[in-house]
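Heads up, the chain below is alone and in the form predicted on its own; it's given as structure tokens.
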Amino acid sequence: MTRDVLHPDLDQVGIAAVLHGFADPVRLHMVRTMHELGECQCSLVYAGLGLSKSNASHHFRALRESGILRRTQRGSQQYAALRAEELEDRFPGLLASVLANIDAAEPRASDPRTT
């Protein structure tokens, strides 16, 4: 059985709420992971972050409430996916810009600032 968790209507979500969802480095990592994987089990999104399940739940809730992701439950498994098309319709270019800047913000091995 698939069950949708309550999600806000993006027409009712302001830019400040969406930016708040993107405002945490952990959530940015989660967003990038979901972008790369598409819809996936929630545990795959936070597995490499070293987060407790309760801390991960906090970040998933913040992303869901800000309209950035959609969560569903299938049996005992939780799944998450970015609401990329909906975000693009409501805030054109925002998600692409955020994703581009996540990569730009990470130091590269050849970056002289890291040596």
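Keep in mind it's a predicted model, so treat the numbers as computed, not measured. The numbering used is simple: start at 1 and walk along the sequence shown.
There is also a form predicted together with the DNA; it is not shown, and the following applies to it.
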R32 versus the DNA, in the model of the complex: is there a non-hydrogen atom within 4.5 Å? no
Just to confirm, L28 within 4.5 Å of the DNA in the model of the complex by heavy atoms? no
With the partner left out of view, is Q78 within 4.5 angstroms of the DNA in the model of the complex by any non-hydrogen atom? yes
4.5 Å heavy atom contact, H59 and the DNA in the model of the complex: yes
Enumerate the residues of 14 to 50 that have a non-hydrogen atom within 4.5 Å of the DNA in the model of the complex, in sequence order, or give none. H20, D24, V26, R27, Q41, C42, S43, Y46
